[in-house]
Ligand code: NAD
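Read the single chain below, which is given as structure tokens and is the form predicted on its own.
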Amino acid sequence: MKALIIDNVSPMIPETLRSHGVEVRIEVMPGAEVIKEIIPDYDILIMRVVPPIDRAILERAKNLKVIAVCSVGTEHIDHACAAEKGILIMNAAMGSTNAVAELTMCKLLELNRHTMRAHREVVEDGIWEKNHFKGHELKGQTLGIIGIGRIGSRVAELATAFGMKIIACDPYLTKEEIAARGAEKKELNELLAEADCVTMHLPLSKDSENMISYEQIDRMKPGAILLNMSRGGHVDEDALAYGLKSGKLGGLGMDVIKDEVGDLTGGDKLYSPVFEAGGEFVVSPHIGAVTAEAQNKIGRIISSQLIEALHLE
């Protein structure tokens, strides 16, 4: 049996596979065209979220039995085609909950206190002027959480410790279920109108694609902060750029962008219209799950699932 690993994952995974007699090949970010060429030889594909595993790849995967995703979302995989071919898709739903929630709080603090901008002014410009960076405390603000599943619930818990009021929008949960997670249930438009800060933690689907666009930005409080911590496809990035340029958004934080799921191995440059919009903007390259603790947990989860699914001895 052969396994192909195409991203940086916990060393526990290849070690576990090799200890069970599986031949492991590691090719970090090889790109879709390379994967298409080599995938016929492999029984197991281990990845995170790049590149999309579409029908063109899966139709060449004649031996593939399992795709193990070392993150939560699996929408970058053609599920219908995988089901046709009998390919099992597994993920690590619990592995990164706390890591992503803590990064969310990090970005909320940064955008409210301007620490990165202050650092650059001190180090790059040699200016020591505290009055350039008057910010806001989290205590007393209203945080709107779109999607209050595992990660959203942990964000609610952390934000409550800071003294924030929590409201949440989640069509799959009742008022009582959301209350049990420390939040008050709101519809999306209500949440956008009431929240000082909004953060997104939900899977990408047809219903959630571009759910934040021009209309939703206009519904938000003037100067509100928006975070997208789940998938780039949830937001219209042109609308976000408009929000920053117009001053409607007081801050924007992202750990994801739409282009990240593309194939950049051909030399294409990463781009989003928000990069040129100015204003209070912080972005990171999808590092939500990139902590030693989260990667170790994901490694344990995926290793255990592979052993069970493939009956490895």
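Just so you know, these numbers come straight off a predicted model, no measurement behind them. Residue numbers here begin at 1 and follow the sequence given.
The same protein also has a form predicted in complex with the named molecule, omitted here; what follows describes it.
Peer 1: Could you tell me if Asp78 has a non-hydrogen atom within 4.5 Å of the named molecule in the predicted complex?
Peer 2: Contact with the named molecule, no.
Peer 1: Decide whether Pro51 counts as a contact residue for the named molecule in the predicted complex under a heavy atom distance cut-off of 4.5 Å.
Peer 2: Flag for Pro51 set to no.
Peer 1: State yes or no: in the predicted complex, is some non-hydrogen atom of His114 no more than 4.5 angstroms from a non-hydrogen atom of the named molecule?
Peer 2: No, His114 sits far enough from the named molecule in the predicted complex that none of its heavy atoms falls within 4.5 Å.
Peer 1: How about Asp236: is it within 4.5 Å of the named molecule in the predicted complex, going by heavy atoms?
Peer 2: No - in the predicted complex, heavy atoms of Asp236 and the named molecule never come within 4.5 Å of each other.
Peer 1: In the predicted complex, do Gly73, Arg150 and Met211 all put a heavy atom within 4.5 Å of the named molecule?
Peer 2: Yes: Gly73, Arg150 and Met211 each sit within 4.5 Å of the named molecule in the predicted complex.
Peer 1: Taking the named molecule in the predicted complex as the reference, which of Met229, Ile225, Ala183, Leu240 has a non-hydrogen atom within 4.5 Å?
Peer 2: It is Met229.
Peer 1: Tell me, out of Gly140, Gly86, Gly126, Pro171, which residue has a non-hydrogen atom within 4.5 angstroms of the named molecule in the predicted complex.
Peer 2: Exactly one listed residue reaches within 4.5 Å, namely Pro171.
Peer 1: To test your reading of this chain, name the stretch in 214-222, 158-166, 129-137, 171-179 whose heavy atoms come within 4.5 Å of the named molecule in the predicted complex.
Peer 2: Comparing against the named molecule in the predicted complex, the contact stretch is 171-179.
Peer 1: Only counting heavy atoms and a 4.5 Å limit, does any residue of 122-145 reach the named molecule in the predicted complex, and if so which ones?
Peer 2: Contacts from 122-145: none.
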